[in-house]
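Okay, here we've got a single chain as structure tokens, the form predicted on its own, with questions on binding and movement later.
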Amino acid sequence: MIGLAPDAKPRLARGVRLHEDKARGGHVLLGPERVLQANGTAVEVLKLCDGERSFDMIVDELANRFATERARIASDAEAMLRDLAAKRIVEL
């Protein structure tokens, strides 16, 4: 798999939003005719996917925030974003 471009600016697709679900506790991704449960890690990544920050900036922010190995964060975030892009939840 070719890596996600460092200057890619991921964002939620049109009509999709990250929503705090107080009734169930946690967050969900709401899209046209679908709801996806988002775990804590995904929420942290998705909150930074605003179409302004580059993928590199997102990874740097998460590595600093959680004091975790940058390469691992980049790999995990890329896999998640590619999966959500295939489901048309995120635009890369």
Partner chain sequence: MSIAPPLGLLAELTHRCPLACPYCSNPLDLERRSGELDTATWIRVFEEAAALGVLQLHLSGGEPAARADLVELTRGAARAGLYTNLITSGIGLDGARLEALAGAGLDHVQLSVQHVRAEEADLIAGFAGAHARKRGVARELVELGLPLTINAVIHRANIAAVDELVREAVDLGARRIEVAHSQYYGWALKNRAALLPSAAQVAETRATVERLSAELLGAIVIDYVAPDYFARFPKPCMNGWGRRSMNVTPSGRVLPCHAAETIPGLTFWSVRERPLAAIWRESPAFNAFRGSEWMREPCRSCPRKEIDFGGCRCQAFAITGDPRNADPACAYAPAHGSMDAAVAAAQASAGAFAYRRYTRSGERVPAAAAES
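Because the structure is a prediction, the values reported are computed rather than measured. Residue numbers count along the first chain shown, from 1.
Just so you know, the form predicted in complex with the partner chain exists too; it's not on screen, but the next bit is about it.
Peer 1: Considering non-hydrogen atoms and a 4.5 Å limit, does the partner chain approach Asp76 in the predicted bound form?
Peer 2: Flag for Asp76 set to no.
Peer 1: Would you classify Ala23 as touching the partner chain in the predicted bound form, given a 4.5 Å non-hydrogen atom cut-off?
Peer 2: Yes.
Peer 1: Answer yes if any heavy atom of Arg34 is within 4.5 Å of a heavy atom of the partner chain in the predicted bound form; otherwise answer no.
Peer 2: Output for Arg34 is yes: heavy atoms within 4.5 Å of the partner chain.
Peer 1: Given that the partner is absent here, does Leu30 sit within 4.5 Å of the partner chain in the predicted bound form, heavy atoms only?
Peer 2: Yes, Leu30 sits close enough to the partner chain in the predicted bound form that at least one of its heavy atoms falls within 4.5 Å.
Peer 1: Sort through Lys9, Arg82, His19, Arg70 and report the residue having a heavy atom within 4.5 Å of the partner chain in the predicted bound form.
Peer 2: Of Lys9, Arg82, His19, Arg70, the residue with a heavy atom within 4.5 Å of the partner chain in the predicted bound form is His19.
Peer 1: Give, in sequence order, every residue of 56-92 that has a heavy atom within 4.5 Å of the partner chain in the predicted bound form, or say none if there are no such residues.
Peer 2: Sequence-ordered list: Arg88, Glu91.
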